[in-house]
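In the form predicted alone, a lone chain appears below as C-alpha cells.
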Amino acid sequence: MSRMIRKIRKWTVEALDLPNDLVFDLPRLTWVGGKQLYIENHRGIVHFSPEALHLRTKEGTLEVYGSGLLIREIMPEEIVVEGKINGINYREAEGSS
C-alpha cells in the first residue's frame, strides 16, 4: 500500500473516530478467560496442531500457542479456538510497515 493511501486512511480513522481494525483490515482478537480465542480478519490457516495455530493476516502471521487447542468454528474470515491458550504472537511480514 502506498504511503499516500496509508496517510489518507490514518487521517480518515482520526477524523471520523473509526476503529483501526475496520479501516486497515487488521486482525481483531477476543480472548475469553485463557480458554477461548475469537479471531476476526484472518486470511487462512498456515499451521495447526494441538499446541499451535498460525494464521495468515493481511500484513503478517498471527501465532497462538497452548495445549489441547481445537478449532471450534471456522468461517471465511473468522475462527474460534478453544483449549489452554498460553500465548499469542504477531509476526509482521517483511517489508510491511
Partner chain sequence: MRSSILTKWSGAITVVVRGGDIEGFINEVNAAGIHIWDIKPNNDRKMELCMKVDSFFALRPLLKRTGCRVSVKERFGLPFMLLRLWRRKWFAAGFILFAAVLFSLTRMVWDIEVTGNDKIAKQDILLAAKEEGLYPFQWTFALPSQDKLSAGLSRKLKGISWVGVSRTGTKVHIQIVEATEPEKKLVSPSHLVSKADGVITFIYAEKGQPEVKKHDRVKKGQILVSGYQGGKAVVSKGQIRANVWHEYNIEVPLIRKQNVFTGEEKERGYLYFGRTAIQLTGYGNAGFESSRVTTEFDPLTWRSFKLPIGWMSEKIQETAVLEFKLSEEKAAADGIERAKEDILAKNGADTTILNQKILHEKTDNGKVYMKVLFEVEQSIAEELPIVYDQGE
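On a predicted model such as this, the values are computed, not experimentally measured, just so you know. Positions refer to the first chain, counted from 1.
What comes next is about the form predicted together with the partner chain, which is not displayed.
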| property | result |
| --- | --- |
| The partner chain contact in the predicted complex: Ser67, any heavy atom under 4.5 Å | no |
| Any non-hydrogen atom of Ile71 within 4.5 angstroms of the partner chain in the predicted complex | yes |
| Partner proximity in the predicted complex: Trp31 to the partner chain, non-hydrogen atom cutoff 4.5 Å | no |
| Contact label in the predicted complex: Leu26 to the partner chain, heavy atom within 4.5 Å | no |
| Interface residues of 38 to 52 toward the partner chain, as seen in the predicted complex [heavy atoms, 4.5 Å] | His42, Gly44, Ile45, Val46, His47, Phe48, Ser49, Pro50, Glu51 |
